[in-house]
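Next up: just one chain, as structure tokens, the form predicted on its own.
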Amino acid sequence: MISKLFSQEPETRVFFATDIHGSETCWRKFLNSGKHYEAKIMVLGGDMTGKALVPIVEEGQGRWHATLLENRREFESEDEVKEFEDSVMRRGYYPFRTDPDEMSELSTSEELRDELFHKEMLGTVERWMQMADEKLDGTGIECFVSPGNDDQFEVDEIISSAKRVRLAEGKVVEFDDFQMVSTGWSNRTPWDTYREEDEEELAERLRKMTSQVTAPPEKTIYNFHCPPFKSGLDEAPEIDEDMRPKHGGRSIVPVGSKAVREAIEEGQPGLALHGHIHEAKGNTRIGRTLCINPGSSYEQGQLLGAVIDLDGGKKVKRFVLTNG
């Protein structure tokens, strides 16, 4: 247990995870993490929703088929179908049952596909918030969620309606003597996602938020989904114009935000929490600020995270990266 590693009782223990991309397994693990790590505060960074639908087509006479990651699977019982659905949700995709006629309609209509994806995605977020309300009720654990650049804007309203989860996007939230300011917006990406903008606009967004912070730097947390530029927490494979990794993925480049880095250099918060770049797990310091990106292995159903003990000193008391 983490609590046994930390011999002295911390004032405030935070568990942070990010980029679970619709993984049912990772969400369940996240909800259990507060109690498991004896954390008072739970923070889920950006990109909580999945990216794709997986149809399971009924052939008749109790037979079904589906394709996942270009591998066709065939099923001959309800139990086999249910097991496949669970594996799809574990990977962060949205399974749905259908028939050949509906599949024909979907294959010819992007509008219908988008409508179905929207329905499945938002329905999953609603169900997750219900799970959180039940799981966290009576625990005294505070849970904050900040959608990321991959998350549609309708997600915010659903999170806001939850009883035991607080929407953190664009707000300064307080716990104990600490203040945390959060955003899932990023600098531009090749994928033209929902919450991204030019560096100048992102810088203005960050200034508006950080200007509302009244706590001293050592009691301030920046929960910015995008990591700072050239921090080592933003290194990703370089891609070409066809979205393919250059040089077999061996060419690594920094893709983080200059605006985020400038905000950290100027504000010097005690802690900065990031995600966005799944393969850039690690930590670094920018001036007095400890910056952490726990990384993401959501497709394997592994929840990567960070347990952080805060006491309001000039530096974060202690932290450890986790994998569970």
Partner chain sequence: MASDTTTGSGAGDLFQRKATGLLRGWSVLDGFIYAAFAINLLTLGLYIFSFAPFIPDGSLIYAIILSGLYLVFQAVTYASLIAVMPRAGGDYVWMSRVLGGGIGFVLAVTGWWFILWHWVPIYANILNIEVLVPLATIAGFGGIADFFGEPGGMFTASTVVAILASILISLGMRTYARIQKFCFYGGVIGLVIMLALLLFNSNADFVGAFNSHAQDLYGAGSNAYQQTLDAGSVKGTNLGALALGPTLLLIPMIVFFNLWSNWGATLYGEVRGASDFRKNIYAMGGALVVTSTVAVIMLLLFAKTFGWDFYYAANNAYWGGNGPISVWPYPGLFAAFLFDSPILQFILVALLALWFFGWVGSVFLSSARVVFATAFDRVLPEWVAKTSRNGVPYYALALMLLPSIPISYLYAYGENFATYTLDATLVIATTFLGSAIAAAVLPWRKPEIYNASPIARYNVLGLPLITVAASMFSIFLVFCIYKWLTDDTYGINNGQSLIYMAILYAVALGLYVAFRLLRRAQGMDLKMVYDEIPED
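Residue numbers count along the first chain shown, from 1. Just so it is clear, the model here is predicted, and its values are computed rather than measured.
There is also a form predicted in complex with its partner chain; it is not shown, and the following applies to it.
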item	value
Which of 138-146, 113-121, 175-183, 212-220 lines the interface with its partner chain in the predicted bound form (heavy atom within 4.5 Å)	113-121
Contact of K230 with its partner chain in the predicted bound form (heavy atom, 4.5 Å)	yes
Its partner chain contact at H276 in the predicted bound form, heavy atom, 4.5 Å	yes
E265: touches its partner chain in the predicted bound form, heavy atom cutoff 4.5 angstroms	yes
K40 within 4.5 Å of its partner chain in the predicted bound form, heavy atoms	no
Its partner chain in the predicted bound form - contacting residues of 276-293, heavy atom within 4.5 Å	H276, H278, E279, K281, G282, N283, R285, L290
